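We begin with a single chain expressed as structure tokens, specifically the form predicted on its own.
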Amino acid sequence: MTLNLCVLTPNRIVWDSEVKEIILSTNSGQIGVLPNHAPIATAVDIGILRIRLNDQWLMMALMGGFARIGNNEITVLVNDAEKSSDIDPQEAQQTLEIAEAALRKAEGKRQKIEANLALRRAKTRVEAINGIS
């Protein structure tokens, strides 16, 4: 038995096919979803989406949004998403270093919040490439 997973951003469909299992980062922690999961709607945090296809796991960086699970269908609506295979490792590492420097230089509450969010996004992209979380 499988699940139909659809990952959407405002601009494109990132993923739309059947999967065996997913592990999703939510605002209250990670949840695993297998076929016949109880219906749920949840906020999606900046983090990694793990997708299992048979014996293979794929990683995707998600940049926050919402997910709806029910009737073996999962719809994930996010601000942005990138498959790990689509992320340039050098660019991701450079973005991480720039985000770390921006956080160190941030002054004032707003700048610190924005810099911290940029750092979380950059870390998530690097984690997706490295397969860690």
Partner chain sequence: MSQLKLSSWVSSDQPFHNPNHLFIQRHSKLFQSDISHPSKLSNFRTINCSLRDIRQRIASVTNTQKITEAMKLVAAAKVRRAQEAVVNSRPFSESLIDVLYSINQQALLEDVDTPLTNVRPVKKVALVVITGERGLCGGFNKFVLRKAEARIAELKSLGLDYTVISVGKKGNSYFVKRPSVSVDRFIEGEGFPTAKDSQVIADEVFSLFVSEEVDKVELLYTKFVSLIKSNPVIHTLLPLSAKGEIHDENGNSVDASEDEFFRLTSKEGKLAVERDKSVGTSDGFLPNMEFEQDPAQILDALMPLYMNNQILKALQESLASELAARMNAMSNATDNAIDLKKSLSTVYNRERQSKITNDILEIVAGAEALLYS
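Numbering follows the first chain given and starts at 1. Since the model is a prediction, treat every value here as computed from it, not as a measurement.
Absent from the display: the form predicted in complex with its partner chain. The rest refers to it.
If you check Asn36, Ser85, Asn79, Gln94 against its partner chain in the predicted bound form, which one has a heavy atom within 4.5 Å?
The residue in contact is Asn79.
Using a 4.5 angstroms cut-off on non-hydrogen atoms, would Leu8 count as touching its partner chain in the predicted bound form?
Contact check for Leu8: yes, within 4.5 Å of its partner chain in the predicted bound form.
Under a 4.5 Å heavy atom criterion, is Ile31 part of the interface with its partner chain in the predicted bound form?
Answer yes; at least one heavy atom of Ile31 falls within 4.5 Å of its partner chain in the predicted bound form.
Look up in the predicted bound form whether Arg68 has a non-hydrogen atom within 4.5 angstroms of its partner chain, and give yes or no.
Yes - in the predicted bound form, heavy atoms of Arg68 and its partner chain come within 4.5 Å of each other.
Even though the partner isn't displayed, in the predicted bound form is Ile40 close enough to its partner chain, meaning a heavy atom within 4.5 Å?
Judged by the heavy-atom cut-off of 4.5 Å, Ile40 is in contact with its partner chain in the predicted bound form.
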